[in-house]
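As a starting point, one isolated chain is supplied in structure tokens, in the form predicted alone.
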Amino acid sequence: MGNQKLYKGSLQTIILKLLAQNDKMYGYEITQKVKELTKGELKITEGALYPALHKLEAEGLLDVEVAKVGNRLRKYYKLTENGTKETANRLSEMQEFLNTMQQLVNPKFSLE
């Protein structure tokens, strides 16, 4: 995708969805999974990822576990109970948004 700005408002929803599917993940793992799933079209930078993770944690949607890997500490992020509920809400909102956008840009083709 040529325009990374289109993804900016979706980053938290992307993170929540990945964590719902993968139980717990660390930051670099999230960036690589997004890159893999989008075949390199979307590259999430650390400068975008970590503020989003910290915001989700502050909102009570994520828990953090620290584990020692080799001689480094690694932070793993996982959904809280509220995070699981909010993921469902945000995915529903995202689907509604995509359906609305589809009706605007290509009314003859529907995602439903």
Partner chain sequence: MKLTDQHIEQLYKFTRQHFVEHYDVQTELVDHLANDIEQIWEKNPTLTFEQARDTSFKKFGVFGFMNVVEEKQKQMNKKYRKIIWSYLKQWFTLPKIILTVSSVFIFYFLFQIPHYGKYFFYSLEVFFFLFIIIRCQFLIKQQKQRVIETSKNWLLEDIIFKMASSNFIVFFCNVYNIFRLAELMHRKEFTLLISVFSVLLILVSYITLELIPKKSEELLEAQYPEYKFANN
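Positions refer to the first chain, counted from 1. Only a predicted model underlies this, so the values are computations on that prediction, with no experimental measurement involved.
Missing here is the form predicted in complex with its partner chain; even so, the following discussion is about that form.
K.L.:
Determine whether any heavy atom of residue 32 comes within 4.5 Å of a heavy atom of its partner chain in the model of the complex, and answer yes or no.
P.N.:
Because a heavy atom of residue 32 falls inside 4.5 Å of its partner chain in the model of the complex, the answer is yes.
K.L.:
Does the 4.5 Å heavy atom contact test between residue 39 and its partner chain in the model of the complex come out positive?
P.N.:
Result no; residue 39 lies far from its partner chain in the model of the complex.
K.L.:
Is there a heavy atom of residue 75 no more than 4.5 Å from a heavy atom of its partner chain in the model of the complex?
P.N.:
Close contact exists here: in the model of the complex, residue 75 approaches its partner chain to within 4.5 Å, heavy atoms only.
K.L.:
Spell out, yes or no, whether the shortest heavy atom distance between residue 85 and its partner chain in the model of the complex is within 4.5 Å.
P.N.:
It does not: once its partner chain is placed as it appears in the model of the complex, residue 85 has no heavy atom within 4.5 Å of it.
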